[in-house]
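This document starts with one chain, in the form predicted on its own, laid out as structure tokens.
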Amino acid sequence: MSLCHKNPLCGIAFYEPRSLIGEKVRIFDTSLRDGEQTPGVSLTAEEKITIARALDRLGVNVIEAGFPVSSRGEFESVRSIAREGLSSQVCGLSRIIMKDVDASLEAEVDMVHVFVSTSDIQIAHTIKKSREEIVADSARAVEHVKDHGRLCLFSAMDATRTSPLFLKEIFKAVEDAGCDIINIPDTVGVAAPSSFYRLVKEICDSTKGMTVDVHCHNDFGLAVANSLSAVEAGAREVQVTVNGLGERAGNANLAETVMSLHSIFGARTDIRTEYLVETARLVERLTDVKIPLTAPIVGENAFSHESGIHSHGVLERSDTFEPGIMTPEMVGHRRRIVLGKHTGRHAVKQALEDAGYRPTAEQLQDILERIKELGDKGKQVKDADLQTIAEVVIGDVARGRQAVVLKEVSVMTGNIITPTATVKAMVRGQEKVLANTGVGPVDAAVKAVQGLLDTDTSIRLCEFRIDAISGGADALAEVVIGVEDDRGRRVSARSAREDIVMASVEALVSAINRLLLLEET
């Protein structure tokens, strides 16, 4: 590793890994094979074809379509994908058993992926053959594939728990048999990046005629790190899955691996990165395995900011609190400023202006306080919530003269108390206080507000609607109130608060103000 080197991709000094600038890395996607082995995931043939088409558009070099010998349905599914005429190479998985290899060949795949266990523990408890038999059978399987003019990839399953000497022996045998690609799988996800680097480099140094590929599992969360270490060591193909699907804790995540190769290492792939988010969401929908909000690259929060300092920074210049060498547009994402208790004035002002609002400093402060109030109660303010709050605080009448300015509202209610509301407000410049009762606290408060008006002002309620616009028992409630005067003119206004009484009073006062302004014109 070189210290404080300037990455030519971004011009920023930092600790940079070994440069792979310009190096080409092939992307082998196994979402339809290992990814479908995710517990609880089962795809129909039509769904697999849909995903295969998306992977082809994304630009993966190889699509491992399935394990043809496993069932008639699987065979038909793999063959259907092979007949799609995709640009990606279509691969079928086979054990080193001739009927497996023949099933893949009959499925018309471009590449046959043959594999066998090579670690002592798996040899002893699964295939129960000698090492000599395993080497001979592997070479025969590869020869059979090559005799039929197909590409062949050979995997030494559980390679990271296999003797390096035996790995070299079996890889030499399949190389002599004409194999095109060898795969070093970390089948149970136990490799550390440093040890995996050494293993892959040792194999790369001893194998000159074949592309070296890796397949890393994520049992300790190191699948992507191990894949990147392998590329540093000389591997030029990596096996990945969309959203990191796969057995147990899954495989190396496609988006994370690709964007790290591009943005940190400067390597090249054929991936059209602008389709990464779209592909991830398609696979999420079809597998019903949800993408975590905090998932790198494709997660909803990957380019989201709430902190006032962070939001202010990215609004001024995105790379202040984002990598810079990767933007949301590069992966088909978008940047979001999330409003909550950590939000600053700058972010709220920007969000309001983007929505078409131009608040005064006083109105902006009022909106900010309401947002923080909701945030303190564990709520995130979405776009619809912000719009409603802005309408309440700014509204149409905020730009003109208000006949009624609300000062204070208090209510009393209970099993033995008649619901009573007291409202204090400035009405046409004069302070007034009025109490009234009703069938409930909202009814009492609405009657009290109506009672504040002059007796010669004829305004009646013609619409009253309450909707919850956020979840939970303390949901943010939106109240819409319509009023009508004696000339038949109607206006409506809305408010949103967790307190339904306050929301109702604010909406009514806003509607009254709008109607009174109409009377003056």
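Model, not experiment: these values are computed from the prediction. Don't overthink the numbering: it's just position in the shown sequence, from 1.
There is also a form predicted in complex with a small molecule; it is not shown, and the following applies to it.
The partner is not drawn, yet in the model of the complex one stretch among 182-190, 269-277, 144-152, 282-290 has residues with heavy atoms inside 4.5 Å of the small molecule: 182-190. Within 4.5 Å of the small molecule in the model of the complex, a heavy atom is found for every one of 33, 157 and 217. For the options 347, 93, 421, 230, the one in contact with the small molecule in the model of the complex, meaning a heavy atom within 4.5 Å, is 93. Only one of 197, 115, 171, 303 lies close to the small molecule in the model of the complex, with a heavy atom inside 4.5 Å, and it is 115.
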